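Okay, so here's just one chain, in C-alpha cells, the form predicted alone.
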C-alpha cells in the first residue's frame, strides 16, 4: 500500500480530546488504503518546562543529559497516541527515533541526520500497524541519544518519508499553511498555495516557524513534496515543492526574526575576521564599509556559556526583517524597503541583499510597524493569493 507520513505538532496532541481527534483522522486515512507513519512532537510547552527544570539544577547543564531529558516529551506523546489509536480499533505501535533507525552525528541538542534505517517501521507496516514515532530525536554514531534542534520533528517526518519512499509527507499543526507574512502580525497576510523549496528555506531561516529549514533542505534533496496544513484537515494548506505551477510573484513573502544582535566593530573585514570566527551563533549577514564592519546574529538558542564579542565591539539589539522571493535579493526590492522605512520616519541599522532575500536590521520597537508597511507595499491586493 502507498505510505503517508504525517507529523503532528505539540499543540495538536495537548488534550485527551485532541489525541482522540488525531487518532480518528489517522484511522480514517488508514481505512482509505494507506500505510500510515505518524511523527509527534512533545505536548504543549513540555520541552521548555523540562529544560527549565534542568537549569534550576545547573546553569549550564551537560548537553548529553539535556538530550536524554528533552526526548521524554516526545515519548509521552507517541505512547499516548498509540494508546488512543488502539482504543478505537486501529492497531498501532510507538517507537523512539533510535528504534526506527534515525542515525545522527554526535552533536548534542542540534544533531544532523546522517542515515535512516527504517527496517522496524517496514516490518510493522507490513503487519498492519500504524507506526507512531517520537520526533526530534535519534541515536548518534557514538550510540548516544541525540535531539535535532528547534523544529526537529519536521526533519524526522521528512527523513522517514524519504527512507520509506512515501507518497507524501504532511506537516500538520494549528496553522493552515504558509502565509505572505505572519498573520498574527499582519492582518492582510494571505495563504500561499504553493511555494518553492528555496523560498520556503529562506523564510524559515529568517523567522517563519511553520517548517524548519533543515526539513526543507532534506525534502529538496530527496525530491519530496511537503504539505503544510492544519491538523484538523480544515483547509488545503500549502505545498512545498521544486517548482510551483503558477507563475511566481517577484516577492513570495516577508518574515520577522526578533531577538537578534547587531555587532559592530571598527575596521575592515580583514581587521575583524578573527572576532567574526569566534561568534558562536547563527550569522544572518556580515557587511563592511571598509572602516566599519557589522554582523547580524541570532540571539535565540545562544549557549549560556557564550562569551561577549571580543575587541572594540558595540552590540545593539535588533529585529531582522527579510523579504524573500525570485527578486528578493535585487536592488529594486532593497530600494523599496528603504523608501518604505524612510516614509515611516524610521531608521534601518544595516541591510544586506543576496540571492533571493534582502534582510534589514531594525530597532525592535519599530519592527512590526515596518513589517506591516512593507507587506502593504509588496502585496497591495490582499483579497487573493499573490501567486495568482
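Residue numbers count along the first chain shown, from 1. No experiment lies behind these values; they were computed from the predicted model shown.
There is also a form predicted in complex with ligand ASP; it is not shown, and the following applies to it.
Heavy atoms within 4.5 Å of ligand ASP in the model of the complex belong, among the stretches 243-251, 229-237, 264-272, 144-152, to residues of 144-152. Contact between residue 346 and ligand ASP in the model of the complex is not found at the 4.5 Å heavy atom cutoff. Not displayed here, ligand ASP is kept clear of residue 353 by more than 4.5 Å at the level of heavy atoms in the model of the complex. Although the partner is absent here, residue 330 lies well away from ligand ASP in the model of the complex, with no heavy atom inside 4.5 Å. Using a 4.5 angstroms limit between non-hydrogen atoms, residue 41 touches ligand ASP in the model of the complex. Each of 47, 74 and 136 places at least one heavy atom within 4.5 Å of ligand ASP in the model of the complex.
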